[in-house]
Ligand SMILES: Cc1ncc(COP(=O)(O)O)c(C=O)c1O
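There is one chain below, alone, in structure tokens, taken in the form predicted alone.
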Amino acid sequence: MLDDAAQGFGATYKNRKLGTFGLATGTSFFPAKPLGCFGDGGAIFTDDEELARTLRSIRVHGQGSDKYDNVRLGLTARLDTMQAAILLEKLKIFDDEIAARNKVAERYSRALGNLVAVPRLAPGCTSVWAQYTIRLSDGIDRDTFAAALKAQGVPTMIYYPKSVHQQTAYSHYPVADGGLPVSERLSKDVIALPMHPYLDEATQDRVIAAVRSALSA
């Protein structure tokens, strides 16, 4: 099993850290992620020694035992020293940043849970809140809502406007009879609010007030 933790590094599932499940787990260190470097970066976690050797080879052009002997198709996928140094420093405060993100998410949920569908955690799970995404109720136009928040200086983001099966690259694959209505409906209803560990309460209140105002307009 391969796990995708591109937005979940640091979170837990049934009291186990993501990265300890399956054969391998991938994560991203893109700047917008909870643990981000200052450029592109990522990592793969595995305790399978053979797979680890293969991944190290793929990371450097597919090289074998000799630097200039490429034994497989590979990539230029090394994490440069500068990004590694940044991540090492950020790891020292990562637990504190996760705790701060959770406080922001909890405060958002308390304030907005009676107005929109807010994200909820399954029992035994924790989140690092890469985003805080709400779901608007039927009848609320998402574009109008986003414009109202923008007018008040509050940015929003729609990260996934299309479900996977609607992406061009997957359009030729078969879809179940009737399509995938739940996925399609969610991709039209969701919108993300500002989320990072340094959102102070005054800024959170400004976001919350903007959401309330947009919904009552």
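Computed from a prediction, not measured in an experiment: that's the story for all the values here. Sequential numbering from 1, following the sequence displayed.
Beyond the structure shown, there is the form predicted together with this ligand, which is absent from this document and is the topic of what follows.
No residue in the set Phe38, Ile86 and His196 has a non-hydrogen atom no more than 4.5 Å from this ligand in the predicted bound form. Of the candidate stretches 50-58, 168-176, 148-156, 24-32, only 24-32 has residues whose heavy atoms lie within 4.5 Å of this ligand in the predicted bound form.
The shortest heavy atom separation between Leu215 and this ligand in the predicted bound form exceeds 4.5 Å. In the predicted bound form, just one residue of 158-196 lies within 4.5 Å of this ligand by at least one heavy atom: Tyr160.
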